[in-house]
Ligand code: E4P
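A single chain comes next, written as structure tokens; it is the form predicted on its own.
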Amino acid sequence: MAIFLDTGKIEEIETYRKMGIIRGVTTNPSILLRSGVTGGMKGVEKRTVEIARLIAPLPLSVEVTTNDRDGMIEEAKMLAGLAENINVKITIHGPEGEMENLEVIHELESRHDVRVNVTAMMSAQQCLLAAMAGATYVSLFGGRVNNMGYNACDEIAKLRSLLDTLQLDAKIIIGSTREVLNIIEWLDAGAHIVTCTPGLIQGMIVHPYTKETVRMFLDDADKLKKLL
């Protein structure tokens, strides 16, 4: 799978979709607000449907806006019903450490056929439990792990080994990507997917020495043309 684009802007998604280099899109309420979405949940639904149609059949992850148990289930079912390629983000636990979220995740996956992307995780152990609960995707925030003084690569490698050994189907998504280097090193460590902002993907593509080389090629081509 490799790279998911982390944005809510239609024009950014269209740019990288045309290149054929993204394998999905992820959003959350913060991203949608920064992307200019207005109109509350109606605005979220409208943008969600637009993105899902644009990238189909590639997956789109969109996050619930509540941590109430029943509210999460109903909102997740509603979001998943907007398009076949939608996955629903649920955080591993609530803001005060409430643990009902894992019950919600298990119910959505096992009873309601909703594919869940469990998010806001900071350790392999959290991701393992989410995978055991039945999550389709487990999202580890690699940049924040590094900020805490740990190496996200170590957590990724441990997690991938455990998922493979225990034959759990969850795919590892690494988010909170801070720099271009993270993308390659996290995939190399065993992540199935890394989420990237458009700016980081641009940083993967554009290299100053490549620009210099292309200018040289074009200058020399102009010189050749003048000799004709």
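The structure displayed is predicted, hence computed values, not measured ones. Sequential numbering from 1, following the sequence displayed.
There is also a form predicted together with the named molecule; it is not shown, and the following applies to it.
Residues within 4.5 angstroms of the named molecule in the predicted bound form, judged by any non-hydrogen atom, belong to 27-35 and to none of the other stretches in 66-74, 162-170, 27-35, 46-54. Contact annotation: H93 falls outside 4.5 Å of the named molecule in the predicted bound form, judged by heavy atom distances.
Residue contact with the named molecule in the predicted bound form: R178 places a heavy atom within 4.5 Å of it.
Remark: H106 does not count among the residues lining the named molecule in the predicted bound form, judged by a heavy atom distance of 4.5 Å or less. The named molecule in the predicted bound form is approached by R144, whose closest heavy atom lies within 4.5 angstroms of it.
Heavy atoms closer than or equal to 4.5 Å to the named molecule in the predicted bound form belong, across 78-99, to one residue only: K89.
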